[in-house]
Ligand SMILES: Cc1cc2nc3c(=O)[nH]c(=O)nc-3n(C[C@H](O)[C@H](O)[C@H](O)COP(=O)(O)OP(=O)(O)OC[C@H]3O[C@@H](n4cnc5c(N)ncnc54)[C@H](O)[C@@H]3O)c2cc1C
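A lone chain, given as structure tokens: the form predicted on its own.
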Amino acid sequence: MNLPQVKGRLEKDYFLNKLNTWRIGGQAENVFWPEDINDLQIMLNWCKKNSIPIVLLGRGSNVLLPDRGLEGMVIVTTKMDSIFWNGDSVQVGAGYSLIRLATEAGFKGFQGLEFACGIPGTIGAAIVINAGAHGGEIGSLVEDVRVLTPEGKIVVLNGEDIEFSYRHSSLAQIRCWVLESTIRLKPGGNSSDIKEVMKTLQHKRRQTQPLEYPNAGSIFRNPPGYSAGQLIEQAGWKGYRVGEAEVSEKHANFIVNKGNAKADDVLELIRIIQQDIKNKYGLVLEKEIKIINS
């Protein structure tokens, strides 16, 4: 089958463990990095016409990819990283690094993104899951979002019309793909003060999270009124292993890859922890990570 003519990079039989922060996953049949929105549309239309399954990835910081690999087309948005500053707002492509944007905003004296200085995802993925930390959330800063609908249409959604809640947005329900977004920040800040706040938050992150090992961030959402990490630690799971996947000794809501962990190892850890927390405390731990199956 002849692939379409596109500008972006296209690889066959590419290892998924290179595309996610957990460093887990088998081979993908095809991986494509579109250069821009038009490039993405060409590939999506071709896949749709030829009934090729599609998986969309950003930096892979919040996903578990399968050991058995993926058929079809994996599309990685990290080259869709356009950016345009206009006063106190910034229009930014879906593949732009959230950490990079937070850092650049701070240097320019814009406040609002300090909380994101340690979140290793892309803007597009961050908006879909309403990424947040330290009391801040990306959804509160979204002015509008340009999305591609399942029907292939590009539409602009007003931020006020998108429902944002804890680690969730209504964009996930309508199954559209974020292309770019306008983020509005608070001007007039002192860049030195903002950088100092971010330095403090980054230090706290290094002290409390297992950044020395491949991981995908928090595994479970916090149940209302509880900390998932504290519940898991209290239940005695710190340091528990399945294969080379381990519940972090530093933060119990992280599962780290201690060498060559498999997706099945992680899934088994998730399953037994969920069951134990339900048995002991009557609470259901909902997954914060996205699990992509083959």
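Start at 1 and count along the sequence shown; that's the residue number. All of these numbers come straight from a predicted model, not from anything done at the bench.
Beyond the structure shown, there is the form predicted together with the ligand, which is absent from this document and is the topic of what follows.
- The three residues 100, 186 and 194 each lack any heavy atom within 4.5 Å of the ligand in the predicted bound form.
- For the residues 73, 90, 141, 119, the 4.5 Å heavy atom test against the ligand in the predicted bound form is passed only by 119.
- Listed stretches are 44-52, 57-65, 30-38, 241-249; the contact stretch with the ligand in the predicted bound form is 57-65, by a heavy atom cutoff of 4.5 Å.
- Looking at residue 106, you'd find every heavy atom of it more than 4.5 angstroms from the ligand in the predicted bound form.
- Though the partner is left out of this view, residue 159 does not reach within 4.5 Å of the ligand in the predicted bound form, counting heavy atoms only.
- Among residues of the shown chain, residue 132 is one whose heavy atoms approach the ligand to within 4.5 Å in the predicted bound form.
- None of the heavy atoms of residue 219 is located within 4.5 Å of the ligand in the predicted bound form.
- Contacts between stretch 7-29 and the ligand, counted in the predicted bound form as any heavy atom lying within 4.5 Å, involve 21 alone.
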